[in-house]
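Only one chain is shown below, in structure tokens, and it's the form predicted on its own.
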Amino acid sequence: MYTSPLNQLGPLTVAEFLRSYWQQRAVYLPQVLPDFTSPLTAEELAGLALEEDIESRLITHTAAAPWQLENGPFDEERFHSLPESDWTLLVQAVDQLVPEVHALLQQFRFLPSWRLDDVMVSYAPTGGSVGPHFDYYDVFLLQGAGTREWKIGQACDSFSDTLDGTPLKILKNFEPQQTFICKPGDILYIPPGVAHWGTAQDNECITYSIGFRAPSVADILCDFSQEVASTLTNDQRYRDSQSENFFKPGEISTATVQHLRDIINEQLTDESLARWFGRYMSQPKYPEQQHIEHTGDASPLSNNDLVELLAQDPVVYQAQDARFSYHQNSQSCYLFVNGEEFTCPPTLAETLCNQTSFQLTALDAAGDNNQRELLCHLLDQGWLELDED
């Protein structure tokens, strides 16, 4: 199912939004999707929360026990025991489970696809909320059904005070500055660090949260340094610079620090960084939630099998849980899929990553055996799927 990226966000063009709001300030975008109908009902969302491999959460709120968190999977009796108001059910990565939600995510590919994270879907009866909080990543909050009041607050950071007595990071002080009522098809964009508080206004409230990957600098340094360290041997050690003069035996000199920087910079090439980043950002966040049907005991596809498929020229799709990206330099092109790396012709990489559906013959323009082996592998892994029709 292919869906074109949005080029208009309510009253704003995408270019105007990116220039004036993206990662800068919150903005209410009315009727971005005026005909949007939630592909999930509250009952269907609750059904997903019963499954073992799907990440779900339940947040309840009372005066005696504010903002309490329960993690799924849940059983039906838990839902039957809930009060009529003041609770919220959240289910992660629904785009991996429901084709219509996956298609919704594709409409946000006016931003880099490797930045897109997942679509979390929430349901709340009247008064349901997850409390005043902030996120470290950008989020588009699409109202799918019912209405929700959103209050936009102050800028926050990791030093902002949060409430005790709850595992959730609920802000102790919330300073409302704007209020919006979102109806189906409306979107509220929230940049990182901006406090917000949404409350369901009726018993039909379903919200789709389109989130973005924003690894911390600490995570980037930790993971990349481990990647670099894994390629080094025990023979590679610190040695004094030949220009160093030892007049003060207790001093770590500026020249020593510069020498250390040179040692680190030797490992920090553009290619090594790009290839690590491609694998890192394409890793599935919820691998246990992937519901791809693989070939099981069937034999891997051969080039002859692929030739037979090419004669039929079916439509091929990126799988719902597959993450594709690529990097090209003057000498090589690398394709990254779900944390794995492949060398790949640039034209094939561009087609695979910049589109989400294609004719199989368009992926085999060169008819190269190595290229065909890669296509067979992507099909065997379930990262490319044939149109069932």
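One-based numbering along the sequence shown. Predicted model, so just to flag it, every value in this text is computed and none were measured.
FYI, the form predicted together with a small molecule isn't displayed, but the following is about it.
Chemist: Applying a 4.5 Å heavy atom distance criterion, does His133 contact the small molecule in the predicted complex?
Modeler: Heavy-atom contact with the small molecule at 4.5 Å: present for His133.
Chemist: Against the small molecule in the predicted complex, would Gln92 count as a contact residue? Criterion: heavy atoms within 4.5 Å.
Modeler: Residue-level check for Gln92: no, no contact with the small molecule.
Chemist: Are any of the heavy atoms in His196 no more than 4.5 Å from a heavy atom of the small molecule in the predicted complex?
Modeler: Flag for His196 set to yes.
Chemist: Report yes if any heavy atom of Ser282 sits within 4.5 Å of a heavy atom of the small molecule in the predicted complex; otherwise report no.
Modeler: No.
Chemist: From the candidate stretches 315-323, 163-171, 147-155, 217-225, select the single one in contact with the small molecule in the predicted complex, where contact means a heavy atom within 4.5 Å.
Modeler: This holds for exactly one stretch, 147-155.
Chemist: Of Val119, Leu97, Leu141, Cys182, which residue is found within 4.5 angstroms of the small molecule in the predicted complex when only non-hydrogen atoms are counted?
Modeler: Contact residue from the list: Leu141.
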